[in-house]
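Take a look at this single chain in structure tokens; it is the form predicted on its own.
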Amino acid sequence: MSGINDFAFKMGTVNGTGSASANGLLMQAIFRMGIPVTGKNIFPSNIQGLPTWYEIRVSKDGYTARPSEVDLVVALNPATYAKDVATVRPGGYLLYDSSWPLDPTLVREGITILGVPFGRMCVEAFTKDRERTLLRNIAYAGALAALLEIDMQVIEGMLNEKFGKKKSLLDANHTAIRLGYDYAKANFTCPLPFHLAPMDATGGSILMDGNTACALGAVYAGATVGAWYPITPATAMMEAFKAFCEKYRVDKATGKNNYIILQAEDELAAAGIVIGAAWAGARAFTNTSGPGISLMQEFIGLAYYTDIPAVFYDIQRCGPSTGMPTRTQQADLLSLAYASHGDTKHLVLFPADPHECFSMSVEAFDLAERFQTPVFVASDLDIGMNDWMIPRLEWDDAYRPDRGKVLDAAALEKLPRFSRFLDVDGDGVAARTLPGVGGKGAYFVRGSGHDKHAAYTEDSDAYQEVVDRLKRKFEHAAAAMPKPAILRRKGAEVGLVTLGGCDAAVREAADRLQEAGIAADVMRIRGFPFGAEVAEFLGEHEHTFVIEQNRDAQLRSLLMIELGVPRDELIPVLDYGGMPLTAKVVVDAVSARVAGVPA
């Protein structure tokens, strides 16, 4: 790493000072230069005042995992100077605001420290305090443009796009960009040894976050009802869904909305609204995070037991309890798989990036209605709230929703009797009706004991017949879940198993291991229940590592429980501090084990 189009840098600022705009400007400019780029926002859970960082990785090879080392740190928050200085790799650079002197104790050998008086320059160039604070960020973007050779024409064009109708803002931003750029050009050797050169590697790609992609996928899937209670990091998904609906779900002739979005009084109520809407025939969903899933479990069990389709988006964050709301984790896996009390098992999809957030949203609604059951989309904060470079989204206009076994009035009339929970086809899925199709299709929805006809019962045999059918339905669903993504290398004796947002780091790690002489196959699990391909992969290697972001090895536990894999055959690689996974974590763990170093 550390060369032309192959380096990482990050900005350390104070939350609430407007740095997000500058950071987004930098990332978008690099992307428009045709260079693969990804960004990770590390921010506090309060509104304003605490430290925040934004990491940008440039990779000519298209790697999108969080970098294991940083070449350049922009330090604008004195409270974190010590941490920022320590973060710079040996031989790297620190750029700080020299309007205030740097404590001599923070000077570190082996790195180059560059000072630019961003604060003083903005005080001299602008008159309003808020303007000086916000434009200080644009000034550091200008300095970085000089140091990293970011195309200034691209940056200035983006400013024109954003502020073209607001001349005063446009002029101020152009001034701030030039302040930083001209100072760096006049005082430092530009560009730095690692810098940018135009490429043509982003054609056919877009930058998008997972929450937006989930919302767009829900629209394309035909969802018309969303119910929610605000929670980090899921809130942005419903905000995006609302924006899409306002644009695409309003009847042009009448001006009436063809959608309903309800902010409920709590997460349990949101789940109840979704279940009611889905029972009535709408495609409905709720988006939440781990604490919300905990509160929804009673209604999740109701939907499971009464065969009602519903989609639940879980944008996972650090737990338990409130935990760290603005850090990422994959610690809800067992909770989702077995949500609610009693014997329950659920369908879960594991997108790895925003592209799959879009496509798996459509799959989730189809699976929910096909199998008449809750379906979970298990994203996380890293996927949901960060911008990823992904292939352009595609859509097949021939798509038609899979509504599953729904009886209309004509089909009902042919039946001698409608039995809501009767398995006719042997796949565990009973035919359902929608309200209003006729009296013959009416039935009482009850969460208490019921038989295959939907009648109340406390008879053991009748009860077991229903719950055994639900188990049979779950088993049949395994073949309908998305297949695992498997990458094979010749002669591999090592298998790497992972899921979700770990994928980018694990695939990069496999490349690094190959360079070190260790051939590793990679399997990314994309759905639960597990299909036959998952079981087959687990028995193929001398060493099989399960890489996930939680403390208790929850994916490993699911594999042992559901597939009967012996515990000692699966080696856990766990990273659960709340930051996105790096390839180095995987490489170090695998290399040590293969070399015979005990875990």
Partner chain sequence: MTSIAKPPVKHPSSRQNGIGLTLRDYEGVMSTLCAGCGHDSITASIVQAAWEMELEPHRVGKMSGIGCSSKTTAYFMKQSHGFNSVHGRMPSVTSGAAAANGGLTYIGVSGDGDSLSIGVGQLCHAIRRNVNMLYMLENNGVYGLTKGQFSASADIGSTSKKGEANEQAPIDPILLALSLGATYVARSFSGDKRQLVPIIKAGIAHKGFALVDVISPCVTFNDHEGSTKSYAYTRQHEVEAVEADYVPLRREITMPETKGAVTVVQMHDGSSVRLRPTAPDYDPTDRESAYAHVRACQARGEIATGLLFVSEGARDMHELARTVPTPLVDVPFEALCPGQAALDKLMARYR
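Here the structure is a predicted model, which is why all the values come from computation and not from measurement. Positions refer to the first chain, counted from 1.
The same protein has a further form, the form predicted in complex with its partner chain, not shown here; the description that follows concerns it.
Taking the partner from the other structure, its partner chain in the model of the complex has no heavy atom within 4.5 Å of any heavy atom of residue 545. Proximity of residue 31 to its partner chain in the model of the complex: non-hydrogen atoms within 4.5 Å are present.
Heavy atoms of residue 277 reach within 4.5 Å of its partner chain in the model of the complex, making it an interface residue. In the model of the complex, its partner chain sits within 4.5 Å of a heavy atom of residue 248. Residue heavy atoms within 4.5 Å of its partner chain in the model of the complex occur in exactly one stretch of 77-85, 520-528, 267-275, 96-104, and that stretch is 267-275. Screening 225, 199, 231, 190 for any heavy atom within 4.5 Å of its partner chain in the model of the complex leaves a single hit, 225. This chain appears without its partner; in the model of the complex, the one residue of 406, 206, 170, 152 with a heavy atom within 4.5 Å of its partner chain is 206. Residues 244, 247, 248, 249, 251, 254, 256, 257, 258, 259, 260, 262 are the ones in 227-263 with at least one heavy atom within 4.5 Å of its partner chain in the model of the complex, listed in sequence order.
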